[in-house]
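Quick setup: one chain, the form predicted on its own, written in structure tokens, and binding and motion questions come after.
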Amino acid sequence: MAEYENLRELKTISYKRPTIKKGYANQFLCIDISDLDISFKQVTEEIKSTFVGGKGFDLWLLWNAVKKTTKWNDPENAICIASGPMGGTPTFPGSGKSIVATISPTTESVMDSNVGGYFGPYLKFSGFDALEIKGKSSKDVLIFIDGIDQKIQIFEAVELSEESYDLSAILTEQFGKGKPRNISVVSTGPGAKHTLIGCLNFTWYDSKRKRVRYKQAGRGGIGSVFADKGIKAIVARWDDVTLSSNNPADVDLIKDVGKKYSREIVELDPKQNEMSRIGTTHLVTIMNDYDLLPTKNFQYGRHPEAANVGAEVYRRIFDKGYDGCWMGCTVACAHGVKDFVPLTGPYKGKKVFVDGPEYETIAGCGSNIGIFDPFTVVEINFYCDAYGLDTISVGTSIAFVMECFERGLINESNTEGMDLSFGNRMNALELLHQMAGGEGFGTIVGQGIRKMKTIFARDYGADADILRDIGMESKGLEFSEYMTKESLAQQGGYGLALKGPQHDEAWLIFLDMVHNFMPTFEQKAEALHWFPMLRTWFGLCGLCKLPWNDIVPEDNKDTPEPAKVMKHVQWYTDYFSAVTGKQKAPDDLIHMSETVYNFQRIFNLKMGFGRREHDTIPYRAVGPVTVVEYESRQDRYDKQLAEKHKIDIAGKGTDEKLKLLRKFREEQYEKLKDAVYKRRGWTNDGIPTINTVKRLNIDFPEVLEVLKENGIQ
């Protein structure tokens, strides 16, 4: 029997922790839980040069773990977690990220997710640049990576709590040995077992509040893979983190750049977005003002009650105090609600602490399902975390269901008596509890929009064409919470994103729609090259993107390309050079990412995706689907038809104008694909060319074989 309650020791090995050198531990930890095999793989200079770290390391491990026929619930599917060479620096804002990758149950292809908390840095300082977990266990297992005592243990977990909040608190206390800040836990909840949209919770210990806090790797059902494998939790233990922990090449340069960056954030954040006080909630009213806040399943972009779930409300609700999810991050945007009392579910009537909500949750689980009560949003947020469910997929899926219900595509006989009209907050919560329990109509909603479209058409007789138009998913991933109808560039930012419509590749709405900085296809294509590449780079290095452009220098507006915030890009370049000892320029960051980005596109191709046909988005992301939608912006659409497309609209009804607009907008989206593929060095079918892979030095035999199988040689 192990020394820990509720845990039975299955295997323990000791290891010698390597010295971190210029941001790298230079080895991977590989665990197969089917036979409790624990092994180490060396990280060569070639792997570092090609894949850098973070998502790059995850992709390389995953590529070698799976076959083209591997499904998400096959034992060989791996869950890979990595930080990056810059991850774990306590003096540079946003340096605490982990990146997770796996084959997704909703997209059936490569999924990655970027998450805060302490796990990634603790994993690296314990001696591992990345963790790969394969196999399946017939019993719940817990993996303990103890960087202090230099041992790795696998336990059978017996009668531990199902819900993530309780589980993480218990494990932090048990493994912390009186020092809870030394512990970071990765876990999920019962919702991940019963749905395909499960998330992972990554923890850090909030010393001021004396409690475990959470960040989520939410997208694409990574938590569902975790649960299917029988993993109860992963626990990492590490001690002090200092500027020297990464053993950087130039400590003085890191001190200098980090001090400049932190000083700027402390000075300017209170004048700009107030991230340290209200987090990303400031986006709610901004999006509403510009007609970009998703409302009622992305039909509309604004609502008169939007301010009820906006920043000024959460300014009063959030618990006051420092809220950084990594040590020394001056952005400090990870806010929460103290002593919240849920009205429903297993925590009904009990005081709880809620991590969040952030903008995506407010928009997805608030405005997009017609709910403008901040406390309902907080309750949905809390239970999604406790149950291990992705708030974006939950919100967007419920919004789809509600529109289907209101349109009569489904009815109460299908929903088991529930009225799922927009704004029905109690039934939205009931649906969430059903998802977590694998009960009722929630079992269907928990499969995600792509599978719901098939079920609704096949079993309920719903019109498949309408479902295709209004089901806000692409590649099998639910849309994150931005309206794209009036921004062709952002339509591309979602539709051309490698894993599906998530805004972490490109967020170009303001540049395109509001400022009209990129009127031509070529300019849009250039933006859809540079911005996804820079944003990918953060995931290679273990960094958060928010400091880059959510707090900007006061003179940034006077620079040639203010959206790029090149002063910060130069600081990141200096930071990378200071840690790794490799002298780089800003363009080198783009090249690093381009290598990994193209490798991931080819990985998608290996799994049977990654072509032009897979970059399709539902028409609602492109333009108005219904007469009501058209008429909500009639002046804008009429003007476009008359002035841009030279159509005489006199005497034409809305139905006719709707069809004409659709034809033009769908043509524009296809032309955008052409321009982007050309800029990225891909074929007209969206596949990287031989010249591109050779230029990027990823012309490995196995890469060339995948291209050959797809007609590229």
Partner chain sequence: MIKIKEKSIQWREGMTVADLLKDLDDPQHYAVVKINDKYISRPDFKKTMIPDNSEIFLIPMIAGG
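Numbering follows the first chain given and starts at 1. Being a predicted model, the structure only gives us computed values, none of them experimental.
Heads up, the form predicted in complex with its partner chain isn't pictured, but that's what we're talking about next.
Colleague: Honest question, do 271, 282 and 482 all end up within 4.5 Å of its partner chain in the predicted complex by heavy atom distance?
Modeller: The answer is yes; 271, 282 and 482 each reach its partner chain.
Colleague: In the predicted complex, which of the listed residues (375, 619, 422, 290) lies with a heavy atom within 4.5 Å of its partner chain?
Modeller: Flagged contact: 290.
Colleague: If the cut-off is 4.5 angstroms on heavy atoms, which of these, 303, 582, 315, 591, is the one near its partner chain in the predicted complex?
Modeller: Exactly one listed residue reaches within 4.5 Å, namely 315.
Colleague: At 4.5 Å between heavy atoms, is residue 507 in contact with its partner chain in the predicted complex?
Modeller: Close contact exists here: in the predicted complex, residue 507 approaches its partner chain to within 4.5 Å, heavy atoms only.
Colleague: Is residue 497 close enough to its partner chain in the predicted complex to count, meaning some heavy atom within 4.5 Å?
Modeller: Residue 497: no, not in contact with its partner chain in the predicted complex.
Colleague: Could you tell me if residue 601 has a non-hydrogen atom within 4.5 Å of its partner chain in the predicted complex?
Modeller: Heavy-atom contact with its partner chain at 4.5 Å: absent for residue 601.
Colleague: With the cut-off set at 4.5 Å between non-hydrogen atoms, does residue 632 touch its partner chain in the predicted complex?
Modeller: So residue 632 does not count as contacting its partner chain.
Colleague: 572 to 580, 557 to 565, 451 to 459, 77 to 85: which one contacts its partner chain in the predicted complex at 4.5 Å, heavy atom to heavy atom?
Modeller: After filtering at 4.5 Å, what remains is 557 to 565.
Colleague: Could you list the residues in 497 to 521 that come within 4.5 Å of its partner chain in the predicted complex, counting only heavy atoms and keeping sequence order?
Modeller: Stretch hits, in order: 503, 507, 510, 511, 514, 515, 517.
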